[in-house]
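Shown next as structure tokens: one chain only, the form predicted alone.
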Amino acid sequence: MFGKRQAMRFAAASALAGLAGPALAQAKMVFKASDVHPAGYPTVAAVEEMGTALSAATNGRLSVQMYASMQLGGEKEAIEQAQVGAIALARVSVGTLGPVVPDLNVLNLPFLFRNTEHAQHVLDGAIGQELLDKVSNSPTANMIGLCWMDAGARNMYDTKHAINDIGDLKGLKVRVMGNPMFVDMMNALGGNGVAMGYDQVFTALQTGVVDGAENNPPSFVFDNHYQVAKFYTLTEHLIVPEMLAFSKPIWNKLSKDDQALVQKMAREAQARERVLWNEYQAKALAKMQEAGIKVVTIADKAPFQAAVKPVWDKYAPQFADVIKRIQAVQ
């Protein structure tokens, strides 16, 4: 009897350690998910809804537990945690993922897309799938690229003065995502690019460590940056998509059927997030108006586009073929 009990304990321990592989396919699994944005934000809500759908489809066997509002750190930390299997789902910007999977850096080129609609058409097609596969097949990423999430267009905002033209950026210390391409972009525009984790931006704006940052209207409003930065300029210099990535160590423990189910639910989450995004962006713009934020529209973006030519000269040649394909998408 004692021997049998020992054997049972060993089997249970082996399963927990991931040694039982396929046996885990039928085990109850809670996928930890991380997002830097608060509850209710489109990416947070879409992943939570994906969890509800997974739970319904598997009678509660698979579910998602969301850690929003940077509870588990910034995006860099989310990537690192997904890589080692500490969390299952990391919703991260391609800006942060670019240094991990260099092929994605094509999407980080300033003024690559004509507008957000053009970006959606690219990501919904063959190019979008190829880039997700680049993550899944990367020997170093250790993640599966599940789907894309809209993040709108990124614009400049600051605490000092309105940016009415490119000259107004001169000398401003502007936070950018931790990617050398963005530091180079900001420097080319005349500002001083400061790479910094998203979790540090509010305090950095408040204390004057940086004068400004750049992001979409919902992030600016719902992460409270509008409380300290009163000037927002619609430069639309970057349309950087976000990705929902899945930890490869955890993915490899799932059955083929469960993997297919997660991928199906992720595609539905992508479509759902886009609807939520449009609603949220409208709310953010209304709240900016209410709060008296000075919103500037740049009528002529040509000086901005011309200024980032050195960035294109440095980074674009390696992506020449895919850039040609992106520009051809209608």
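Computed from a prediction, not measured in an experiment: that's the story for all the values here. Start at 1 with the first residue shown and count on from there.
FYI, the form predicted together with ligand GTR isn't displayed, but the following is about it.
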item: Sole residue of 232, 246, 198, 113 within 4.5 Å of ligand GTR in the predicted complex, by heavy atom; value: 198
item: Selected contact from 105, 216, 179, 142, since only one has a non-hydrogen atom within 4.5 angstroms of ligand GTR in the predicted complex; value: 216
item: Contact of residue 155 with ligand GTR in the predicted complex (heavy atom, 4.5 Å); value: no
item: Distance check, residue 237 to ligand GTR in the predicted complex, heavy atom within 4.5 Å; value: no
item: Proximity of residue 32 to ligand GTR in the predicted complex, heavy atoms at 4.5 Å; value: no
item: is_contact(residue 36, ligand GTR) in the predicted complex, heavy atom dist at most 4.5 Å; value: yes
item: Partner-proximal stretch of 252-260, 158-166, 89-97, 122-130 relative to ligand GTR in the predicted complex, 4.5 angstroms, heavy atom; value: 89-97
item: Residues of stretch 65-82 in contact with ligand GTR in the predicted complex (4.5 Å, non-hydrogen atom); value: 75
